[in-house]
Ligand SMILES: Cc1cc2nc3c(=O)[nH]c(=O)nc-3n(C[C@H](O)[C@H](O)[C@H](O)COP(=O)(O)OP(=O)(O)OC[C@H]3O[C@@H](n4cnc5c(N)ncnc54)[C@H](O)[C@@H]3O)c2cc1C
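Let's start with one chain on its own, the form predicted on its own, as structure tokens.
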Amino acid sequence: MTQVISDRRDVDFVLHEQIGQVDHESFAEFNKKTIDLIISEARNLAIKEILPTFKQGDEQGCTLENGKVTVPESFTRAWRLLCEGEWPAMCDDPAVGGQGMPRTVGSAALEYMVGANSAFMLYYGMTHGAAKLVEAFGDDTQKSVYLKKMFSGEWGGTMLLTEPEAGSDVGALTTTAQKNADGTYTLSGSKIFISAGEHDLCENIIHPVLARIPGAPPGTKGISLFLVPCSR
């Protein structure tokens, strides 16, 4: 296929002429040859594997049957190849499963993939965002359990934020979290617009959920964030 998602000459110009070589000691291994190889592989994956899912995804769509959401057939192969290539954590710390790339290189690679099918890449985006929440705010146990599996794409991720009666007023949420004797919490409430909230690409989907502990102050100051796995 000759479809041009992003012009390669433009990408090369930005990376090698406008920005210039990455010279930080943390990225010493990312010379021009390595960067060009990464971008070429990202472009190939985007054009050959992800781009075809755009049309097929529109035509087939997701299906809901017996409480199970099935993604378009073509998404399954594209997701597997995305994960096998370790693309979901390009710029993240190798200690948690990342490749440690410079962010400029990762952004250029993602431009091809998102350009090929932004709907498909939403599964990546939600997962990566949820993983970064765990990385930033999780304790050591949570990080050891969740990060590598999420950054590898083995587990997915979402964000449960909007509620029917609250809309964009996050501080008006009514979902509550009641602490249990074992230190966990039981959450009660309703959320809507949960992108990637249910699908069959991963064996487990991790939900960062906003809720209020009884006695917490009103508004956004009283909101807490809970990590809710949804193993099948």
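The numbering used is simple: start at 1 and walk along the sequence shown. Please read these numbers as outputs of a predicted model, since none were measured by experiment.
There is also a form predicted together with the ligand; it is not shown, and the following applies to it.
Contact between Ile194 and the ligand in the predicted bound form is found at the 4.5 Å heavy atom cutoff. Proximity of Gly61 to the ligand in the predicted bound form: non-hydrogen atoms within 4.5 Å are absent; the residue sits far from the partner. With a 4.5 Å cutoff on heavy atoms, Met159 counts as touching the ligand in the predicted bound form. Within this chain, Val114 is remote from the site of the ligand in the predicted bound form, having no heavy atom within 4.5 Å. Per the 4.5 Å heavy atom criterion, the ligand in the predicted bound form is contacted by stretch 164-172, the sole one of 33-41, 51-59, 164-172, 177-185. Comment: the ligand is not present in this chain, but in the predicted bound form one of Leu110, Val134, Met90, Met126 has a heavy atom within 4.5 Å of it, namely Met126.
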